[in-house]
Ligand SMILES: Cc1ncc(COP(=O)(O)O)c(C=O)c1O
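Shown below, as structure tokens, is a lone chain in the form predicted alone; questions about how it binds or moves come after it.
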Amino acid sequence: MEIGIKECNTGTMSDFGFLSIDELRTHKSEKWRGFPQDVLPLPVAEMDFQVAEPIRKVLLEMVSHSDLGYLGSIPEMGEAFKHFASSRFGWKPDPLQVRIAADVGVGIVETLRVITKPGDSILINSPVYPNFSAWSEETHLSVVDVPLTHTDIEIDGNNWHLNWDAIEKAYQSGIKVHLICNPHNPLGRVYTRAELLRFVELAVANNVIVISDEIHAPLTFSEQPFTPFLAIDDRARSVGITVTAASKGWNIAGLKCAIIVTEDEALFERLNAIAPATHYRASLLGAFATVAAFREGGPWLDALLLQLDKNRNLVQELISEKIPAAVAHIPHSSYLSWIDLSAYNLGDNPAAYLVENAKTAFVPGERFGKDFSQFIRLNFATSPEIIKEAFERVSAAIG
């Protein structure tokens, strides 16, 4: 099946624009190499937009000067992150408590190695990013899963709700860590300050560490304010560790750099046990690209969010028009749509059915938790033309 898309507009919005389908097919990332060319790929969480000019500038300068050595001291990182967090969220983290890792996964794994021992229990809340389970297995932890529940009742703008009774029991059972995804992948859900505060109270009472994966935070839309976990209060800082990166917000995952943030001297000292090589395994290019994103990437990010806002509403319109029996809600953050296709009876794996019959790829819901096999995750960080083509194909395939 040929992709019936005319070349996309590459005019800029601020300093970024859409990439044509022909150019995207030349990309060497997993998203564009993971499927045959007749399959439209909308699974992997990366964007089909031009990279922000400040990031391109620093990369080109470093390459042109053959500046491609090992990553060493980079005090610019803590200061740049403080600048971004302060201007975006009103949070002023301590720049001296910002550590570097190759990516969020490495940051979380190396943190878990220090604050847990094999056999300890870790709490997650599915449906959630599949690597939460993988990282727990890598560090030989026992996973306790308290799934979010879906209802038609909307609370604080959300239809997916935390099971507080089960969460409280899990905390009291002796878990050592609660790994949260905020903003949430795949739900696009942003935890409220009240919800985070309840986590804090439970963590303090039960001697639990909360690791907050905040990689999607730069992509939060205006109707649901994002609260950094460490910005809540001193109690949160005493039990909280944040791991984040510029990789999602500015589409630079391939550059390999993330940060581990604390705001408590005791926790900071505890994490000194992380292997020093964790810092040096990050990328020199990635570190300085991240600094550029945090320092100078605000205008590009604002323009991006305007486009993603249009795209998330377009997706909802197309669901209503093309696959009306599907169930989905407009996300409050990022560029991922979580779609329930159970009404269409597409078998045990709707995503596999759609690759075969619609030549369109999504992430299978079962990867996010055993109870979610009838869901798919769609990445809408692409041009409206590609989004429309995807829904045309899906609609034709499921009737």
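Since the structure is predicted, the reported quantities are computational estimates derived from the model, not experimental observations. Each residue number is its position in the shown sequence, starting from 1.
Just so it is clear, the following notes concern the form predicted together with the ligand, a form of the same protein that is not shown.
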If contact means any heavy atom within 4.5 Å, which of 234 to 242, 77 to 85, 165 to 173, 127 to 135 contacts the ligand in the model of the complex? 127 to 135
Does any heavy atom of residue 178 come within 4.5 Å of a heavy atom of the ligand in the model of the complex? no
Please determine whether residue 47 contacts the ligand in the model of the complex, using a 4.5 Å cut-off between heavy atoms. no
Indicate whether the ligand has at least one heavy atom within 4.5 Å of a heavy atom of residue 216 in the model of the complex. yes
Would you please decide whether residue 103 lies within 4.5 angstroms of the ligand in the model of the complex, comparing each non-hydrogen atom pair? yes
Candidate from 278, 247, 262, 212 lying within 4.5 Å of the ligand in the model of the complex - any heavy atom: 247
